[in-house]
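First comes one chain, alone, set out as structure tokens in the form predicted alone.
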């Protein structure tokens, strides 16, 4: 499998970072992740815009402009021969002389097989628990998922699929997904701050605005539990209903009318190549 490493395409086994890289020494790196469908990356411009914004926020220089990076990604797709894959663009803090100061960033782009949520997954939905936590630099897509990983044993103990963060009783995000609620009077709500602005989130907001009232604002935990529908959005999960939160059934525990409609419209958007 081919990998783009700094300035060259190399075999996967040769894409090696030195232990002095700040991604290993201090967990200092950013990334972005998009999917391909029929050999085309979905919503690539949006993903690259977020990648460059994250790099700038973390003071990491990028050696390729947007057009050059796009060309590299398309060549990588051709080399891997996967019609549906996950593209991961990683930019690290570089080989630090003291394990603390950033250096020249290392760029690694991979293209691998990816598992996405199926229609059966959509019909089943997920269960979730809430947890008080606020990520550092929430608007930046860093590699820091420490809390999410640390919570995995608790999720297994509670027998739930995912965790929804809240801060001072205001919900923010899932570790790898954005959250939406449909109110009983059929308004669509989603958090407006203290979270990462997902690319699928952006598409859903655009689709929904054509047919219903949409609000980006603070959402309190009690509103969450009173919702008619709750769903999450992400690159691999697409749109996924949340059937229960903290043991409380949302609606009738099945995908709601609005969730299902947006899901079908999003699938159509994918088939059009994300345009």
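Positions refer to the first chain, counted from 1. What you are looking at is a predicted structure, and each value in this text was computed from that prediction instead of being measured.
The same protein also has a form predicted together with ligand PDD, omitted here; what follows describes it.
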Proximity of residue 127 to ligand PDD in the model of the complex, heavy atoms at 4.5 Å: no
Partner proximity in the model of the complex: residue 166 to ligand PDD, non-hydrogen atom cutoff 4.5 Å: no
4.5 Å heavy atom contact, residue 92 to ligand PDD in the model of the complex: no
Ligand PDD contact at residue 233 in the model of the complex, heavy atom, 4.5 Å: yes
Interface stretch in the model of the complex with ligand PDD - options 94-102, 154-162, 192-200, 67-75, non-hydrogen atom within 4.5 Å: 192-200
Residues within stretch 137-175 having a non-hydrogen atom within 4.5 Å of ligand PDD in the model of the complex: 141, 145, 173, 174, 175
